[in-house]
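Consider the single chain below, provided in structure tokens and representing the form predicted on its own.
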């Protein structure tokens, strides 16, 4: 099913509802509708697996909670969006294929032409278009402005050549929003444009990257003389850098959500019981410290969440949140690896508990200090923009 018939409309004004009542509505909806088999997934799900949940949200009219109502969204305030996501996390909901929802959709609403909005927004809501992000390249990761994928204007098309890497779920997507260089003479940030590329077009090749957990969440994407209609350019030529930064928006806070660390700490406690270490004094001391670290993280997260509830912009200090969350998640999973004994060498969960996947959690924690801007980059942001230290 595609088009408007595939998604519904919820007329309720949830912004006018007390937050506690809104959370109760969400909890009832999840209890009645969320597929039990998808709770607390060990890996990022492919669309073939998460599609049932995606379509449940689409039919409910909840797929795009932050979009304005006139574009098919719920029009939720930032504070209500945080509450919604926190309830999803509490229930153990899988993250859906949400690049279209949280990134390109809001960007098109803000910068796209009426024709682009009419074409692409309904297709996101119906599940017809699944999106991926074409940012990182082999030599342009944290220094994204060094990207070299090139798009040359030829009549009514751009001819795209180059490569993207670490493209999350690129093997599920049929569209990519992509940063390309359209002026090789301009300084790095000024020569970049924002293109929407059909992943089924001739010349696009996707090659999955299998990680240590034997999961193909990331991909390489190659472009060989790919013809992209000029109508797929968002905004002005060579002005894509500002839009790329705008995509980060308030969703930066979710890189620092306590959910990963909280889930891992719960697993650590269960593992200690399984290994007979729950009453060990040395373990208790270490576990208590990790619990205190998680309490600090939750307090810091709540501080930034409250700023959003009050309609305030997040400043550069939000980088603290991402650093703290990623490194705490890593410390917890390192502790699991140390106490797990031979179970830590298993490629899957321990026998008797599918949620005690020691190596899986450990591996998933490794890239958290890299994606979304490495922690070194985040510390530089704090040093320059918060502490005002010299460069």
Partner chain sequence: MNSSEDSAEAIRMLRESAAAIVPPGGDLGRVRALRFKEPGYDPAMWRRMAALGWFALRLPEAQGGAGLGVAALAALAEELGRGLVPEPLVAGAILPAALIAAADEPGRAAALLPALLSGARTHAFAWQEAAASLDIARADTIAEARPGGGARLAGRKLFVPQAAGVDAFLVTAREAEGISLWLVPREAAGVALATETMIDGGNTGTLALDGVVLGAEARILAPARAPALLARTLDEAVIATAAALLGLMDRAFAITLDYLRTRTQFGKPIGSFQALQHRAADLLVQIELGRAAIGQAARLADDPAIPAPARAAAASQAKARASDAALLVTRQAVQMHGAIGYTDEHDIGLFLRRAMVLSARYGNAALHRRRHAALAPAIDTEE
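Numbering follows the first chain given and starts at 1. Values in this document were obtained by computation on a predicted structure and should not be read as measured data.
This protein has a second form, the form predicted together with its partner chain, left out of what is shown; the following refers to that one.
Which one of these stretches, 155-163, 108-116, 95-103, 290-298, sits within 4.5 Å of its partner chain in the model of the complex when only heavy atoms are counted? Partner-contacting stretch among the options: 290-298.
Although the partner isn't part of this model, could you tell me whether residue 337 comes within 4.5 Å of its partner chain in the model of the complex, counting any heavy atom of the residue? The answer is yes: residue 337 has a heavy atom within 4.5 Å of its partner chain.
4.5 Å heavy atom contact, residue 50 and its partner chain in the model of the complex: Result no; residue 50 lies far from its partner chain in the model of the complex.
Just to confirm, residue 77 within 4.5 Å of its partner chain in the model of the complex by heavy atoms? Residue-level check for residue 77: no, no contact with its partner chain.
Using the partner position in the model of the complex, report whether residue 70 sits within 4.5 Å of its partner chain, counting heavy atoms only. Judged by the heavy-atom cut-off of 4.5 Å, residue 70 is well away from its partner chain in the model of the complex.
Check all three, 13, 86 and 307, heavy atom within 4.5 Å of its partner chain in the model of the complex: Looking in the model of the complex, the three residues 13, 86 and 307 all stay beyond 4.5 Å of its partner chain (heavy atoms).
Considering its partner chain in the model of the complex, which of 38, 346, 56, 30 comes within 4.5 Å of it through any heavy atom? Of the candidates 38, 346, 56, 30, 346 is the one lying within 4.5 Å of its partner chain in the model of the complex.
Please tell me which of 212, 206, 230, 270 lies within 4.5 Å of its partner chain in the model of the complex, judged by heavy atoms. Partner contact (heavy atom, 4.5 Å) among the options: 212.
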